[in-house]
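The chain below stands alone and is given in structure tokens; this is the form predicted on its own.
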């Protein structure tokens, strides 16, 4: 989309996303790329209507279904995560930076949500995933996707609270 420019790191991640989509036989359209860029550049998890506002800077007629279709695609491709607790979205930096390490296994997404400042940190701890897979295997359940959301205080907010 003309007029949209992102930071160099974001552009690199967007280029990686384009390659990942092509490898899956899908296409990162200009609109999807712009939505992903807005998610990646947000300082905190971003909601659909905030994304819509960002889109309208370049695309005046953008409507909620436009954003939701783009978000659905990005979720399906594993390029973003939805933080259910916040009803907001974050980029999957592990996928976009090429640091997924276990092909053929579900992505081990865990999120630490700071209730003090709202910062969300993504972990990719395969030990947690393997514990879940082992626990569910005993009852005949196969894990295909797992997201863990833990609330607490980040180090900075914890230090302020104990000062």
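The term rigid core refers to the maximal set of C-alpha atoms that superpose within 1.5 Å between the two forms. What you see is a predicted model; the values in this text were computed from it and never measured. Positions refer to the first chain, counted from 1.
What follows is about the form predicted in complex with a further copy of the same chain, which we do not show.
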Next item on the list: Work out which of the listed stretches, 90-98, 111-119, 56-64, 33-41, brings a heavy atom within 4.5 angstroms of a further copy of the same chain in the predicted bound form.
Entry: 111-119
Check: Heavy atom to heavy atom, is residue 149 within 4.5 Å of a further copy of the same chain in the predicted bound form?
Finding: yes
Check: Do residue 125 and a further copy of the same chain share at least one heavy atom pair within 4.5 Å in the predicted bound form?
Finding: yes
Notebook entry, point to check: Does residue 145 reach a further copy of the same chain in the predicted bound form if we count a contact as any heavy atom within 4.5 Å?
Noted result: yes
Item checked: Proximity of residue 48 to a further copy of the same chain in the predicted bound form, heavy atoms at 4.5 Å -> no
Check: So with the core overlaid, does the Cα of residue 12 end up 2 Å or more away between this form and the one not shown?
Finding: no
Next item on the list: Would you say whether residue 24 is displaced between this form and the one not shown, judging by a C-alpha shift of 2 Å or more on the superposed rigid core?
Entry: no
